[in-house]
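Heads up, the chain below is alone and in the form predicted alone; it's given as structure tokens.
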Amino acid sequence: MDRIVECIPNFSEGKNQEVIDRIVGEIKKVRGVKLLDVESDADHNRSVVTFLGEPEAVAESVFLATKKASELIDLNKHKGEHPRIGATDVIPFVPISNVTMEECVELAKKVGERIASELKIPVYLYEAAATRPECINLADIRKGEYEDLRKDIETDPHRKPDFGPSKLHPTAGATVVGAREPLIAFNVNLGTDDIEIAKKIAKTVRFSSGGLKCVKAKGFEIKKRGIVQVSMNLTNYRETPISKAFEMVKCEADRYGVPITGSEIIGLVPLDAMVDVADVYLKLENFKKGQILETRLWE
């Protein structure tokens, strides 16, 4: 592959493996696409799929997967901790090799228009592809989730989609499509069931509330485990590395007398981001990425 785009669609299904497999099967069937990862979470009731390939092949794959999700997922019956407005909730395109951000924006517009035209699903453009300020931030588009958007899309001009009807698809809802830089989905689990503590820590950590630059954060309940979670998106790990986000959550948790029981990365993560973690916590001196065995094998 000479020109590589990464795509990380999020589907509102994390429990039914058969449904997940059928959606992912649509991605696999397109020649020239490489599936990298499928991460499903039953509590969030959400699956994050990561794949890459030539722009045209990636566009076809994600359209077919979106079509299949619209046939198999009913948002009226969906319950989960993660905010969502659609069966295929969000589709980001990320430039990897010999592809510009501008080309990914055009790809997002092309795929978004096709989803709206052929599947009758309203589409919002976000991040680098956004056409208006209120749609740059994904959280703003998902405000009130599927339940509120169902009525707002028909009455509020600020919630008019970029493509398609001003009415949600009866089962598949709406879809957000855009282009962005690599993002790290990083969650920290707290040893308490007090959701208010998780929400307060998330508010302190996230940039929009005066916290860390390039960090989005929310507090969630993980009911089956009897704990809560600070769920973060690190939109630029060079500006705010994983270690810095973790330390701030830990510091805030200590203030509330709450232990950290673990953390997790959803989907894939750049090697440089993990090297930074090792560098910080091991206090390595003069360490270089070239010292990692696997990097030498790829040369």
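In this text, residue numbers run from 1 along the sequence as written. All figures in this text were calculated on a predicted structure; none of them were measured in a lab.
Not pictured, yet referred to below: the form predicted together with another copy of the chain.
Only one listed stretch (59 to 67, 265 to 273, 22 to 30, 39 to 47) carries heavy atoms within 4.5 Å of another copy of the chain in the model of the complex, and that stretch is 265 to 273. The candidate spot formed by F246, L284 and L297 is fully in contact with another copy of the chain in the model of the complex: every one of the three has a heavy atom within 4.5 Å. Although the partner is absent here, Q17 sits far enough away that none of its heavy atoms falls within 4.5 Å of another copy of the chain in the model of the complex. Using a 4.5 Å cutoff between non-hydrogen atoms, K167 does not count as a contact of another copy of the chain in the model of the complex. Under a 4.5 angstroms non-hydrogen atom cutoff, another copy of the chain in the model of the complex has T261 among its neighbouring residues. Residue contact with another copy of the chain in the model of the complex: K200 places no heavy atom within 4.5 Å of it. Checking S97, T155, N76, S208 against another copy of the chain in the model of the complex, a heavy atom within 4.5 Å turns up for just one residue: S97. Residues in 153 to 175 all lack a heavy atom within 4.5 Å of another copy of the chain in the model of the complex. Between V99 and A273, the Cα distance is smaller in the model of the complex than in this structure, by no less than 3 angstroms. Between the C-alpha atoms of Y237 and M101, a gap narrowed by no less than 3 Å is obtained in the model of the complex, as opposed to the form on display.
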